[in-house]
Ligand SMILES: Cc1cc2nc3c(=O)[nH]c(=O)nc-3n(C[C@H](O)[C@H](O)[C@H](O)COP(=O)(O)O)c2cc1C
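One chain is shown next in structure tokens, namely the form predicted alone.
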Amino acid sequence: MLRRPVCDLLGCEIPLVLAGMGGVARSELVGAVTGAGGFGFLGMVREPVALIREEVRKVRACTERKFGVNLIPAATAPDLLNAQIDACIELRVPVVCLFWALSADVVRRLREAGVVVVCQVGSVQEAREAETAGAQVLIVQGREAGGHVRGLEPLLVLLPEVLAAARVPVLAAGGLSEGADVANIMTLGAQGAVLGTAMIATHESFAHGVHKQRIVEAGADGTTLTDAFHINWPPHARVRVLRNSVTLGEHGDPFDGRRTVIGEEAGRPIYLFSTDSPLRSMTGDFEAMAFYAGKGVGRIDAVIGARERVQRIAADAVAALRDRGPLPASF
């Protein structure tokens, strides 16, 4: 009941897609999601080419299925971005997802190399621009999403608007953590769901255990939108995070220009107000870092295996769809 045409394009069995969360979505998590029949993006924003090569190698060592790499042109230095794109093309990465400000040149380069291009958008206008540039799949992100939030509208408002305008397959993202959520967006016409927060709280995610536990403990009203976590990204970029001392204003003005080190990762300083979230490889004051989470966080009550979570969401989505009749026709 879940299989849609986008599955053929992405090479997966079920249209449940692991969001390309920077730092968190590494090879172990991508491998587990693809092993469950879904599709996974490696979160490689601003990562060195050496890490992209290593993570791609690790994914291919555990699965023959297609996978993707998520890049953020607007948050990446031009020289590094060019090197990342060159590496993805050289490594024959099957799919690349782009987010934030559209780069038509990047889309063109990837398409000419035979890479399937996915663009995440936050408005109908962005959807039209991405499709015109050559995007083959759109991800519609509602304001309920965790992490960087591009759009202003709730998902169930924005999704029908984009579906009415799009001529390519559309996936939905934002606050989706259960099978019933997947059934809802597929009933509207989306071909699948992109999962972020639900996949952070898995054994295979590269998030630090502190982040995972905070997600499990959070209530439905535990998130907030803020631009306080801004270092490393373009200005005025809102993120949805769990409330902490930063969102409560206990560290002063985030935009006063100071750089206070609160952690470390392999010799790299982690700054207060940066967009870095706590990872397994980090040490420092985790409480003051960005605990990314979407509005579906209140329905996540345990850290479990990624394969189990994908399979459970898929089974619950099928059960929810059984009594709803045929899904809308789609591309």
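One rule holds for the numbers: they count along the sequence shown, beginning at 1. As the structure is a prediction and not an experimental result, all values here were calculated from the model.
What comes next is about the form predicted in complex with this ligand, which is not displayed.
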* Asked: Between the options Val96, Ala190, Leu195, Val182, which residue brings a heavy atom to within 4.5 Å of this ligand in the model of the complex?
  -> Leu195
* Structure fact -> Residue within 4.5 Å of this ligand in the model of the complex by heavy atom, from Ala32, Ile270, Val59, Val45, is Val45
* Using the partner position in the model of the complex, report whether Ser27 sits within 4.5 Å of this ligand, counting heavy atoms only. => no
* **Glu126: touches this ligand in the model of the complex, heavy atom cutoff 4.5 angstroms** => no
* Any of the heavy atoms of Cys88 lying within 4.5 Å of this ligand in the model of the complex? -> no
* Considering only heavy atoms, tell me if Leu110 and this ligand come within 4.5 Å of each other in the model of the complex. => no
* **Heavy atom contact within 4.5 Å of this ligand in the model of the complex, the stretch among 47-55, 32-40, 289-297, 302-310** => 289-297
* in the model of the complex, which residues of 17-48 put a heavy atom within 4.5 Å of this ligand? -> Ala19, Gly20, Met21, Gly22, Val24, Val45
